[in-house]
Each structure stands twice: as structure tokens, then as C-alpha cells.
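A single chain comes next, written as C-alpha cells; it is the form predicted on its own.
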Amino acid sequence: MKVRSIFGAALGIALMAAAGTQVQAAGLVKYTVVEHPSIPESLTKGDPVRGRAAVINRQKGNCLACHSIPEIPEEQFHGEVGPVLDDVGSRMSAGEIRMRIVDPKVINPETAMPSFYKLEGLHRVAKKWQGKTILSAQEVEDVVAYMLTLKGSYSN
């Protein structure tokens, strides 16, 4: 049964990406998911300085709960659940990073990573987050801009 649901999700993703699906929930900036899957068009203009602040903000992005970012040694307790992000800007395009932030379940339906810019199709949403996205369109783009600066290995 699990294999079938994963296959079904993968097929749905492939069809959605092939069609260049446009997504817009009430109050959100419209975006288009394309092949690979990716969201190639920016939601707004991002700022890497603000993005770094969102990444380390434990109440907002909270990226360090799951990811290690050696470029931020002053922050303690980097996570080990997700991949190390020291060179994500070399490995992925802006559109690929944006897809992983907006709705990572499009890429991996089994991921523990939350959808940071999605309102529909969510499960077990805490009361304080109902009807809200974790990040705004501006914050998504700020995080994307920051992630694109991470292009090499760092020493601690």
C-alpha cells in the first residue's frame, strides 16, 4: 500500500510538473511548478542578509533545527536530520531551493520538512498556524537569496 501511495504521489508530481502547474491559494503569491520539480520564477526580490536572519530565527524558519550550516558557527545546536547546507548554492538552482522551501513534499512526500509557503492540503496544523504560512513570500525569497550564497565548504 505504501509503495502504491508513493507511486501515485510521484505520478501526480510528474504530471503537475509536466503541465507547469500554477498554484495560488487565497492571499498567496501565485507561482508555477515546472519540471525537476522547481519554481523558477521568484515570488518577490530576496535579500540574503534578511534570509540569514530567517534561517537562524528559531521562531520562524528554524532551519538549524534539522540542518547544519557551518557558515553560521555562532549559532549552537545545528540539526543532523536534513542535509548539510554548506554548498547548497552550488548544488541547486534558485528554483530548486524555492521548491524545497515552498512545498518540499512535492519532491519527497515522506519528508519531515514542513511546507513553509502553503495553506492547503496540510495535516495536523497547530492552531496558531491555521490559515497562515510559516514564511511570507518575502521571507521565502530572502531565504532563497541567502542559500544561493552558500557555495563552498566551511571550516569550524
Partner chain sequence: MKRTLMGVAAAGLMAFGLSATAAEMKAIDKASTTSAVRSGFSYAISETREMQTDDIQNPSFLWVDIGEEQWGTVDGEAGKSCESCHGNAADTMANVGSTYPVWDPATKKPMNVELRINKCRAENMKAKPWKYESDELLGMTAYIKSVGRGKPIHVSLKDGDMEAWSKKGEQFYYQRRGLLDLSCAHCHEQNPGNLIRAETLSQGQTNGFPTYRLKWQKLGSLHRRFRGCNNNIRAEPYAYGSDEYLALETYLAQRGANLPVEGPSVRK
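Residue numbers count along the first chain shown, from 1. Please read these numbers as outputs of a predicted model, since none were measured by experiment.
One more form of this protein exists, namely the form predicted in complex with the partner chain; it is left out here, but the text below deals with it.
**Student:** In the model of the complex, does each of 90, 99 and 148 have a heavy atom within 4.5 Å of the partner chain?
**Tutor:** No: no residue has a heavy atom within 4.5 Å of the partner.
**Student:** Heavy atoms within 4.5 Å of the partner chain in the model of the complex: which of the stretches 90 to 98, 42 to 50, 28 to 36, 63 to 71 has them?
**Tutor:** Single hit among the candidates: 63 to 71.
**Student:** Residue 107: heavy atom within 4.5 Å of the partner chain in the model of the complex?
**Tutor:** Close contact is absent here: in the model of the complex, residue 107 is far from the partner chain, nothing within 4.5 Å, heavy atoms only.
**Student:** Taking heavy atoms and a 4.5 Å limit, what residues of 77 to 114 are near the partner chain in the model of the complex?
**Tutor:** Result: 77, 78, 79, 80, 81, 105, 109, 110, 111, 112, 114.
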